[in-house]
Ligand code: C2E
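What follows is a single chain, given as structure tokens, in the form predicted alone.
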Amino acid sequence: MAVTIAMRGYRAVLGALIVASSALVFTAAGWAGLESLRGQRNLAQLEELSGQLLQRAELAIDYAVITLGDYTAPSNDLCNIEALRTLRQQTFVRGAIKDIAVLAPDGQLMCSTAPAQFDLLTSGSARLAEYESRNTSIVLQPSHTEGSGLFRVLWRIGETHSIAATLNIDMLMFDIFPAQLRDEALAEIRIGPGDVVARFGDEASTAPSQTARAFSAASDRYPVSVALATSQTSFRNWNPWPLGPVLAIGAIAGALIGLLVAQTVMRPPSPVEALRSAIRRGELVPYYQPVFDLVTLRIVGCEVLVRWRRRDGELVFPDRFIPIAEASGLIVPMTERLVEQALSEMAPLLVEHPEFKIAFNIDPSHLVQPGFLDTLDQIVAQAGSPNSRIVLELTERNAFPDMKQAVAVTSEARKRGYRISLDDTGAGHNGLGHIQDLKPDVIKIDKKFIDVAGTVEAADAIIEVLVNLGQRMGAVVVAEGIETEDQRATLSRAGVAHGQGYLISRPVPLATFRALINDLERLAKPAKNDPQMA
């Protein structure tokens, strides 16, 4: 009872720990997952922003090209007063265009709507760098002053002149960043490989020491590209999830999942799984029931039976797990493990008693499995026991799935030195026909006949038939379930050679079995005729 209460307490504590741990783990994992999603969302938005900024720069250049297109037709006097007035009106309408100028083939200014803007771009006599667009007639010229926001769109008109628009694109950038990123972010518009014509933001915040996140986009029509960068800190703090609700949802979800896990973990294993685990952990142990001479009471052998000794000390009897083992196929590994352990334990006793026989119950389905005898040979050889000391006791709980194969296996087993015993003869599946087919070396009379021996004529007749049959076949007859001295005496007079039952001992562990042998040897009667067991 104390063990059961302790186990229940242990399971309750374990269940609570599982629920709490699951809530914590799920909350942490959920938060990490949401943070990962937030990071992916932020990356997508910044990539989208870089695309928007590039689109703005391309659109400004497109406006300039459209404006210049209105003045590309041949003219004898592009710099007359009316033409310049019209150009000034266009620069006023197109906000990003600050000047439109007509240039000679050598790049010298012929006329301009705003000469001051023209001079501001050039800032000296050095020629501006030129980068051709996909349409090679359109050329972009960055300002000598990096980040001024100024650059020129130049359209070459044959060999007579070029017409150029000076753009100021600072205004395109001030609102490109969300408010949360503006203090620690940087945006640049570049002409050609790396001439920065416009810049917005804080360069220091995206220095390598800040582990900046960078994004870029380039036009496929113009030699223009954009770059965005934000510090890791700013990126990490952007678009935060509401902490409280997220953690609460994660904890609740984790607790629910923990409850499901706890129910699964705490649910007792299925009988088959429990038995499989018991076999693996060595909880199935051999018990030994003596087989004794009915005249002298001297122990001549034993039947190995199995008990399940659980880790909490509970002893489980075979009627609770043998049917499960037979139905699930676990009877095979269980029997093999039992034979191995019993032979290892019994090795010294077999040396001390050269005629001693040890019997193992073999299920019919196990007997006819391919390789049964080869596996048995390996186990017996490893234990150092002669095959002749081993009795294969064929149980009656199940019918033989293939009697022809069973006959072949038992015949081969006998050739290898093993003895064959037919358990519970006269009851269940083991009838007289099996004696004829299997030709056993040992015939065991079922307990139901022993219980009424000497009092029911039909039972006495069956016992007499089996004794006579055993004598004619050269088989030893063993009476099962002898509980009283009267039964022993009656069976001995009937010619039964050996017996087993509670009169001498119930199945016991090895230490008790050895002590019992010693006690009975001191009390044994002189033997007139002592046939050997099997």
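What you see is a predicted model, and the numbers here were worked out from it, not measured in a lab. Residue numbers here begin at 1 and follow the sequence given.
Beyond the structure shown, there is the form predicted in complex with the ligand, which is absent from this document and is the topic of what follows.
Contact annotation: the ligand lies within 4.5 Å of heavy atoms from the stretch 478-486 in the predicted bound form, the single such stretch among 61-69, 47-55, 478-486, 464-472. Against the ligand in the predicted bound form, the set Ala101, Ser133 and Arg156 makes no contact: no member has a heavy atom within 4.5 Å. None of the heavy atoms of Gln141 is located within 4.5 Å of the ligand in the predicted bound form. The ligand in the predicted bound form is approached by Val306, whose closest heavy atom lies within 4.5 angstroms of it. Interface residue remark: Leu338 is counted as part of the site for the ligand in the predicted bound form, having a heavy atom within 4.5 Å. Contact annotation for Asp437: none of its heavy atoms lies within 4.5 Å of the ligand in the predicted bound form. Only one of Thr113, Asn168, Thr410, Gln289 comes within 4.5 Å of the ligand in the predicted bound form through a heavy atom, and that residue is Gln289.
None of Glu184, Asp293, Asp441, Asp423 but one reaches within 4.5 angstroms of the ligand in the predicted bound form through a heavy atom, and that residue is Asp423. Scanning 495-513 for heavy atoms within 4.5 Å of the ligand in the predicted bound form gives Gly501, Tyr502, Pro507 in sequence order.
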